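Form predicted alone, single chain, as structure tokens, below.
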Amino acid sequence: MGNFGQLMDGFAVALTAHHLMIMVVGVLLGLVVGVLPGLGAPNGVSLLLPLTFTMDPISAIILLTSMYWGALFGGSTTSILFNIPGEPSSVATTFDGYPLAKQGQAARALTLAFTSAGIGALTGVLVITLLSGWVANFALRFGAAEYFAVYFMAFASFIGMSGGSPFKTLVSMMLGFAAATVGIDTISGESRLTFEFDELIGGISFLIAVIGLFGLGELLLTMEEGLKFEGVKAKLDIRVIARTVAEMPRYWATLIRSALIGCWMGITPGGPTAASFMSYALGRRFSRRGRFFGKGEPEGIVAPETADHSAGSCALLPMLALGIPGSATAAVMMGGLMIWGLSPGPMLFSTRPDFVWGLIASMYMGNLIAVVLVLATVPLFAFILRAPFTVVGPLITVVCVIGAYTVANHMFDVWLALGFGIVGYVFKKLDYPLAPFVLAMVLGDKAEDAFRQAMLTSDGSPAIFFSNGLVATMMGLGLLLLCLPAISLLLKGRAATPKDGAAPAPEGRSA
């Protein structure tokens, strides 16, 4: 009841006309930020941060978090309409969102994404409300070995549950790891795989890779198919939106599973991107319609969106309770807290309860406002699909080029994005999955750092990854997932082998 009473006090702080207006403005700015590839929530919040220096801390954090929610919702828009993820965590949404939009069901795809996102976000905020004290104690148990175990589980789940060729998944992931190693080694300080290009010393930006792999790669495929943009058949009807919202209870199991995955990956260092990939892989594995994933299956949209937004919400909890940001955007917000004279950590809950609980209350309202605003713009977004490819194609190219250039204001990044566009085209022609490549590129350097730090701590002994119950459980689950394709193959082989003493099948039969 203590948390409930403080939450009510938080609503008294957040539910003012001034703060509600700030939420609306923040969500709208976030939608724009999320729609533009190459900008993203971390950069958007960074650009907005200087404007908050003259605001009181509560109003400032409400503005930044509202922009965060809007960016998460907006990132799904270009993923579904153009196969260009506006946010890294929206990559998994492209796998079924874009095919469903191409089938003339853009309004349905967007509504599925936004409604699932709203449910996931509110679930994450509810977890923050109920478990803030427990999470603070639990997260303190994480060291380098536990960090690596979480990342290892994410990688293993994609190999074990992808449903496609494990070999192709592994090859794609290895190439992603190679791309993640480019730049300065954070442990030794030496440069790796830069090939004497100064622009590569800072590494390859994930946003550059995503813009090329998904945006430009899809354009090359579309041009090869004769400049046909199949999304022009999308029909706009408010009844479609209402009917799609009404069908959400049908996916209750996917919603619950994905929300739990998202909350776990948000509280631990996995983050929204890993959560969305893991949730998609598990959804494909356990769904009765798993064979239709990648072809416009609604559950393939519900799973990653729910996990993405529940993880995005829960990522703020370790930042508030421990001063450990769970995502890049949370890190930027933590810098804002310090600039405003606040110290993130357990003491923040006791020294500034009005700030903490006002923020948590604003999360409920901000996500509800984001769902309403983004659903209201579904007809506007779907209307874009009516434009012919001769208009949309150049527009997508311009957005991709601008997005690639604005990452670091280097023309080299534009050429790099074009190179990744060719890679994406080749991957799709050879039927190699892009998702493992992207996942490895996002988390590869973090997993490597955690692994090496753990090995340095243990003087090179791998026993550290089984040194306590928590890390041993996560590593055990990861190894099981990694071996799952081989286990399935063995079981299928046994089932296909005739039992001893069984009569051989006849070569033919009489009429």
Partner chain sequence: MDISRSTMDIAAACATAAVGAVVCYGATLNGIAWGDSGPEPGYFPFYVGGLIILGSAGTIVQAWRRRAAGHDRPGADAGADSFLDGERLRTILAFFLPIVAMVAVSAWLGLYVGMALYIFYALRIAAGFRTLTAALAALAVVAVNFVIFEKLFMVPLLKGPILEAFGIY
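These numbers were taken from a predicted model, which means no experiment stands behind them. Positions refer to the first chain, counted from 1.
What follows is about the form predicted together with its partner chain, which we do not show.
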item	value
Which of 276-284, 106-114, 185-193, 369-377 lines the interface with its partner chain in the predicted complex (heavy atom within 4.5 Å)	185-193
Interface residue in the predicted complex among L219, I119, L359, V150, criterion: non-hydrogen atom within 4.5 angstroms of its partner chain	L219
Listed residue (V401, I204, V240, A154) with a non-hydrogen atom within 4.5 angstroms of its partner chain in the predicted complex	V401
Contact flag, L29 vs its partner chain in the predicted complex, heavy atom cut 4.5 Å	yes
Partner proximity in the predicted complex: A246 to its partner chain, non-hydrogen atom cutoff 4.5 Å	no
Any non-hydrogen atom of V414 within 4.5 angstroms of its partner chain in the predicted complex	yes
is_contact(A253, its partner chain) in the predicted complex, heavy atom dist at most 4.5 Å	no
Heavy atom contacts to its partner chain in the predicted complex at 4.5 Å, residues of 278-298 in sequence order	none
